[in-house]
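Take a look at this single chain in structure tokens; it is the form predicted on its own.
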Amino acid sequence: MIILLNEEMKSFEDLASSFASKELSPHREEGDRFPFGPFNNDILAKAHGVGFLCITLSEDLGGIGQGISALCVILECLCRMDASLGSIIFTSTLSQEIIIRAGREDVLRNITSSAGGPKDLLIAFPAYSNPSEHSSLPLATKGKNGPMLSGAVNYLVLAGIASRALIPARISGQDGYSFFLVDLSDAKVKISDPIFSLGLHACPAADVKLNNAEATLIGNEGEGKTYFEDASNMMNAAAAAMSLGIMRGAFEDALAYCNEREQGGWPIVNWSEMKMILADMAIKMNIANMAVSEACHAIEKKTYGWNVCAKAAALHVQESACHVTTDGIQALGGYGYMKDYGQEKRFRDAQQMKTLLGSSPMRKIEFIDQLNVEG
């Protein structure tokens, strides 16, 4: 990535690329069978061991104290091979960032200091939606020992592998919504079987029902939208980096195949039609790279309009990834539709990525409304 301007970022790229090659590549097809096959806990444990689950947490909170650039470099490298682990990291990091913006660093400190393994660190969240778009959030009431939640959360990402969840809920008689931390092992929390989704199969999600489950209020009552938007402003760059990784993986596999596959006595990469397909993929990929790099730079420098820059990058790169993965399938011909070649998985993953942080159409509407207000 263009943002690799120093040795520290290069070391993160090397680490993530090596991890993807050694740990993700051999198990990509196996992981894509989940939930009809086992979840690979070993990969999750190794990701925890190298610090991928606490990238942006400061060292005093038990993390490795890196910013958005390091997060994006790592996610982009992982998603070249398999975006599911990237989605796990993204979801838990989003939860962590929301909790930080709510001023509850003490909660994160307690989680990291007492964690006995990766599942104790992960925090589930409905990452493929915007809580503001839902009219039927769980209801929070006051109990003897504190808040209690009742209701349902559909497609709670990491439910089933995380110990806790950050749940958006409404408080009766109040506007807006609030965030609550819930122990998913509570007997009053019912988790469905894992949901078989379009893509990102090895990033588990499930529907959850709560019946007066005990919860901890995170931040101020009714301020959930503010915390979510503040965290999303930064995490838009991470979402874009994940889609960039999918694009790069699709292009690299397509180029390698076209150099090896022969037709008419020479590699098909020499055919002008194939050169056009590969060129379109490469152009979109490089533009996406620049968009992610500029978004990271704007976020870290807090330049004017950095939040708009990051959101635009996410919307553009996610859309481009769908086109690039389609071309990636075409470049491989009939093999492109076969699971053991990886291109059709990238196509499905790219489509699902468009729903990160909320549906794409709604995010576009919010984007133009934001531009109109700021303009």
Partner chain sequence: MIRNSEVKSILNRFPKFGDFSIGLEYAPRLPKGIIKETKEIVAYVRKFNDEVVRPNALPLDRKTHEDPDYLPYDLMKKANDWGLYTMWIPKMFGGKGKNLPSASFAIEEMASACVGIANVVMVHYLGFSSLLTSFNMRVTNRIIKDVLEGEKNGGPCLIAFAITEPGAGTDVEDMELVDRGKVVCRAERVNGGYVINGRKVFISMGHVSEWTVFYAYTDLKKPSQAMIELVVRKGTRGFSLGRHEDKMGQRVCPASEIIFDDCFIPDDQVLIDSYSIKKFTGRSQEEVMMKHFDMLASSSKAGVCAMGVGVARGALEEALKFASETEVKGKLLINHEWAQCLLAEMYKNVVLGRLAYIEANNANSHRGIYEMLQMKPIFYYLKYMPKSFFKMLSPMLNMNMTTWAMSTMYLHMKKSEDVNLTSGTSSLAKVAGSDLGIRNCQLAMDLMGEAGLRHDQGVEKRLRDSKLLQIYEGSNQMNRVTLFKGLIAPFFSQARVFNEGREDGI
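Only a predicted model underlies this, so the values are computations on that prediction, with no experimental measurement involved. Numbering follows the first chain given and starts at 1.
The protein also exists as the form predicted together with the partner chain; that form is not presented, and the subsequent description refers to it.
The partner is absent here; in the predicted complex, the one residue of R348, H316, H27, H48 having a heavy atom within 4.5 Å of the partner chain is R348. Listed residues I43, I64, A312, I329 were compared with the partner chain in the predicted complex; I329 is the one with a heavy atom within 4.5 Å. For the marked spot (M9, L15 and L121), a heavy atom within 4.5 Å of the partner chain in the predicted complex is absent from each of the three residues. The stretch among 302-310, 48-56, 329-337, 66-74 whose residues place heavy atoms within 4.5 Å of the partner chain in the predicted complex is 329-337.
Shown alone here, S114 lies farther than 4.5 Å from the partner chain in the predicted complex, counting heavy atoms only. At the 4.5 Å threshold, heavy atoms of N154 reach the partner chain in the predicted complex. Interface residue remark: F90 is not counted as part of the site for the partner chain in the predicted complex, having no heavy atom within 4.5 Å. Remark: R261 counts among the residues lining the partner chain in the predicted complex, judged by a heavy atom distance of 4.5 Å or less.
Along 124-155, a non-hydrogen atom within 4.5 Å of the partner chain in the predicted complex is carried by Y128, S129, E133, H134, S135, N154, Y155, in order along the sequence.
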